[in-house]
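Heads up, the chain below is alone and in the form predicted on its own; it's given as C-alpha cells.
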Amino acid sequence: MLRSASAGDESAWRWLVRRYAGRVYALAKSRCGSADVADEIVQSVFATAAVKLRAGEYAERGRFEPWLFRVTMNRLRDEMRRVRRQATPTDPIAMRDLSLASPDARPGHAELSSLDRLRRALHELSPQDREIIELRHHGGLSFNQLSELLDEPLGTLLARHHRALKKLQAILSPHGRDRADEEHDS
C-alpha cells in the first residue's frame, strides 16, 4: 500500500488515512486537548507523509507506523512549544491546562467527571510517563513499535509503562496521592 500511495494511487492513500488518522487524532487530542488543533496536526502529519512518500524520502521500510507516530510526536512538540510562547489567558489550550490544574479553577464544576479526572491525572504524570501512556493507549502502538519509536529496549518500555500505570492508578484512587507518597518514602 505504501508503494502504491507513494506512486500516487488515491485509493491506497485513502486506505492509509483511514487506517491511521483516527489513532493520530486520538493521540493529538489527548496531548493538546483541542479538537481543532488535533485536526490541524492530523492534516500536517499526513501532508508530511505524502510529501516524503512521493519524494522517496521515506527510507524506514517495514516501519511505517512508528515513523508516522514519530512525525506526530514531533508535530505535537512543535505545537506545544508554539502554545507556550504565545499563551494568553484566553488561549483555549492554556485555559484547559488551568482547568486541569485545579477543580476550583472551573467555575461551577466542583465535581470532575471521570474523563476530566483521567485527563487531570495524566497531566500530573511526568512528560515521559505521559508520553508512553498516550502512545500506547491513544496511539495504539504495540510495545515493539514503541521500542522502535523511542529507541529503547523492550524490557525497559514494559517496565516504564507498568510504573506509569501504577502512578496513574495511585493518582486516581481515593487518597492515591497520599498512598503514592507513602510508597515513595518507604
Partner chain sequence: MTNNTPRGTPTPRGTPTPADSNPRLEPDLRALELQLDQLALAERDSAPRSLILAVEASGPDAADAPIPIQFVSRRSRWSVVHAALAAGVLVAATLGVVWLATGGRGSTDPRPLQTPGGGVAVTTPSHAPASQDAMLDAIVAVIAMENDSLASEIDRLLSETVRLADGLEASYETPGLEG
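Positions refer to the first chain, counted from 1. This is a predicted model, so every value here is computed, not measured.
Although not depicted, the form predicted together with its partner chain is the subject of the following passage.
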Given that its partner chain is not shown alongside this chain, does H161 nevertheless sit within 4.5 Å of it in the predicted complex, heavy atom to heavy atom? yes
Should P127 be counted as a contact of its partner chain in the predicted complex, where contact means heavy atoms within 4.5 Å? no
Any non-hydrogen atom of F64 within 4.5 angstroms of its partner chain in the predicted complex: yes
If we define contact as a non-hydrogen atom of the residue within 4.5 angstroms of the partner, is R82 a contact of its partner chain in the predicted complex? yes
Who in 37-52 is close to its partner chain in the predicted complex, meaning a heavy atom within 4.5 Å? V37, D39, E40, V42, Q43, F46, A47, A50, V51
